[in-house]
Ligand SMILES: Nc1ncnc2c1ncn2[C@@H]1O[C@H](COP(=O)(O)OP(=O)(O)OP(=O)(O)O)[C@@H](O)[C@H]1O
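The data below hold one chain only, encoded as structure tokens and taken in the form predicted alone.
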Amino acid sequence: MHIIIRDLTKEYKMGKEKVGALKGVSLDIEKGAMIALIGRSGSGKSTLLQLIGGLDTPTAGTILVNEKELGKMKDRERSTYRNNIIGFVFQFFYLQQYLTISENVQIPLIFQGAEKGTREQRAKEALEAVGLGEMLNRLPNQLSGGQMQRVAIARALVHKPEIVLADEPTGNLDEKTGDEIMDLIKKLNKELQTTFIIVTHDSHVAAQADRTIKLADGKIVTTNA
């Protein structure tokens, strides 16, 4: 089992009150799966993504990734986990405008301490994998939205993570470009056997996943293959 989640609870303080973002969520995700998390705003799907990504810690319950419990990790261990195990793809790309495409993709490898030559070669390979191998030295403002998201996916994959977490990866794209990005994600998921967990409001995107998990009010209400 790749990811095992049991009785996961996350509460936030709002003044003197506690608000439950997740309420006893249990879930198993196999290695190499592509999972879509759906639900209205405030349902808990982005909170669940953040907890799996080690960006936050649970109030109660457990998340086991490769038999290691995230909630018991110290800050440095969680940082190592994020740098080595997790890749992130966001709706708004978050590319550094003053860096070339290659330099943007190299950022996770810098955190890993990789040497310059290794970084450049791995970035080239990752960009070739997403169809941008001829654009290494371009700047983000020279690219279309779809191309920028491809760069973001290359950056998420360059350090060869086991899990990629994608928060609305097509939300800032037109329908045709969104379809192209989903085709790319499916191709990489199949070829690399990398686990993809995708938060989306788009039913068309969700339908392409191996499994769709719907959350409402911090709980899983349905799960469909």
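All of these numbers come straight from a predicted model, not from anything done at the bench. Residues carry their position along the shown sequence, with the first being 1. Heads up, when I say rigid core I mean the largest set of C-alphas that superpose within 1.5 Å between the two forms.
Keep in mind the form predicted in complex with the ligand is missing from the figure; the text below concerns it.
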Q) Which residue among 68, 31, 40, 190 has a heavy atom within 4.5 angstroms of the ligand in the model of the complex? A) 40
Q. How about residue 45: is it within 4.5 Å of the ligand in the model of the complex, going by heavy atoms?
A. yes
Q) With the partner left out of view, is residue 21 within 4.5 angstroms of the ligand in the model of the complex by any non-hydrogen atom? A) yes
Q. Would residue 201 show up as a contact with the ligand in the model of the complex if we use heavy atoms at 4.5 Å?
A. yes
Q. Even though the ligand is not shown here, does residue 147 get within 4.5 Å of it in the model of the complex, heavy atoms only?
A. no
Q: Could you run down 2-20 and flag each residue that has a heavy atom within 4.5 Å of the ligand in the model of the complex?
A: 12, 14, 19
Q.
On a rigid core superposition, would residue 111 pass a 2 Å threshold for CA movement between this form and the one not shown?
A. no
**Q.** C-alpha of residue 91 off by 2 Å or more between this form and the one not shown on rigid core
**A.** yes
